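Next up: just one chain, as structure tokens, the form predicted on its own.
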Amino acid sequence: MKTRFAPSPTGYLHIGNVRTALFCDLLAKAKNGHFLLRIEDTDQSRSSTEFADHLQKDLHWLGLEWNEGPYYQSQRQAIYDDYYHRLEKISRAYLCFCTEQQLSIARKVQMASGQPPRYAGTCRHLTAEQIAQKIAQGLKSTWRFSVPEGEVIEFNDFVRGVQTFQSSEIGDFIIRRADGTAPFFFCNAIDDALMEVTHVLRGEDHLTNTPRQLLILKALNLATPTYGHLALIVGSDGSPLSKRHGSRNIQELRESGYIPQGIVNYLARLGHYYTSNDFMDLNQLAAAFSTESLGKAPAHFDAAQMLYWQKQAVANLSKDALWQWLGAEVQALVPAAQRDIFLKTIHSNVTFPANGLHWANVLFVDPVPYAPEALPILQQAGSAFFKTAIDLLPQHKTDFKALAHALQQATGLKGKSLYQPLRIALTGQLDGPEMVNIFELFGVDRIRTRLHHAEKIANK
């Protein structure tokens, strides 16, 4: 088993690209196979080494490690040239001098007459003399593959089942551009065969490319991989996935604080069914991965579900990993001696590093700012409430439950009327981490300081 991920470096990796890479990696792992990375950069006008470097960085960050590569197609032109000449020798490739304007007119005529747009074979039977004349005139040429007439191309797609195409509906297609470089149809097929790729898993937008590639490989007597085509990812409304659906590229997700394991757990379930909803590492996801569990219907991206898996990822972080993820700004605010109790206090209340920074400011920067909606609650509780709490503090110290019980006995208050003013006094917020942990974090002196501050505010 050998799978491959073969992106074009023309932009940053997005959700659709990464899901394909993930599924290819999981499929290889599930069968103890190999996962290959190939950079398809023959389109020199759009490809960029910067994007190639970025996509490798993103894959590493997600934990998707390839066993072979990266191979760069821009460095393999001599190989493609060799196979052009092999096709020419067996009369399966020919020079085409048609201009884009001529091709456009021909397509319009075909569509106007109700025919599918396909190349009419205009240059297929040019004589050597005619070819020489056109070259002498300085006309640019491409190479086209000569598609045989009357053939049925059939293959068993391991996602979608048996697929059948008629060669008469395909038309002779370009296998070498005018600048000499190889387009997707050609070099993709050649490399899959030469690199001994056994399983090609890619988006369904490539489904109609497959018969063309099978024709090329058959003509060259090269091995053909098994193909599987994934249903595409769409937005919640069924339209193509975009930023308005909450989709962002991997670099944006990384910079905003998403954890790679959370992204992987979400994408593994986006178009693939798992019986378990447990948070899993890559090896566990691979062990339960099956091509039979790949869906045929479009997968609907759900930003809320991705956020759910982000929360699961945060919950599964170790103490040290959580500390590193929170970042330098948080680390600068939290005293080293209080690191562990701080992490224990806030762990279940953070989804992104920005949440951690918020709580670091709340818990370690004085005076604590009160949320606007909190001030009326402080004033309603009254200064006497906080003075009573201060008086009870020496007896109960950092035992929040004991102090709250004593305060209830002294004031007759209970429920929200009792607990909410205390939370606001210590954090300025209406909700947040467990008060038991906050009391332990603060110690008696800081608890007293914040209660005194609340008493003054309530007295205004």
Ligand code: GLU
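Remember, predicted model here, so these are calculated numbers, not experimental data. Residue positions are given as counts along the sequence shown, with the first one as 1.
From this point on, the text means the form predicted in complex with glutamic acid (GLU), which you will not see here.
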property	result
Which of 239-247, 276-284, 184-192, 362-370 sits within 4.5 Å of glutamic acid (GLU) in the model of the complex, heavy atom basis	184-192
Proximity to glutamic acid (GLU) in the model of the complex, single hit among Lys140, Lys319, Arg86, His206 (heavy atom within 4.5 Å)	His206
Interface residue in the model of the complex among Arg202, Arg254, His347, Arg269, criterion: non-hydrogen atom within 4.5 angstroms of glutamic acid (GLU)	Arg202
is_contact(Ala454, glutamic acid (GLU)) in the model of the complex, heavy atom dist at most 4.5 Å	no
4.5 Å heavy atom contact, Asp58 to glutamic acid (GLU) in the model of the complex	no
Contact test in the model of the complex: Ala458 vs glutamic acid (GLU), heavy atoms, 4.5 Å	no
In the model of the complex: members of 9-46 within 4.5 Å of glutamic acid (GLU), any heavy atom	Glu40
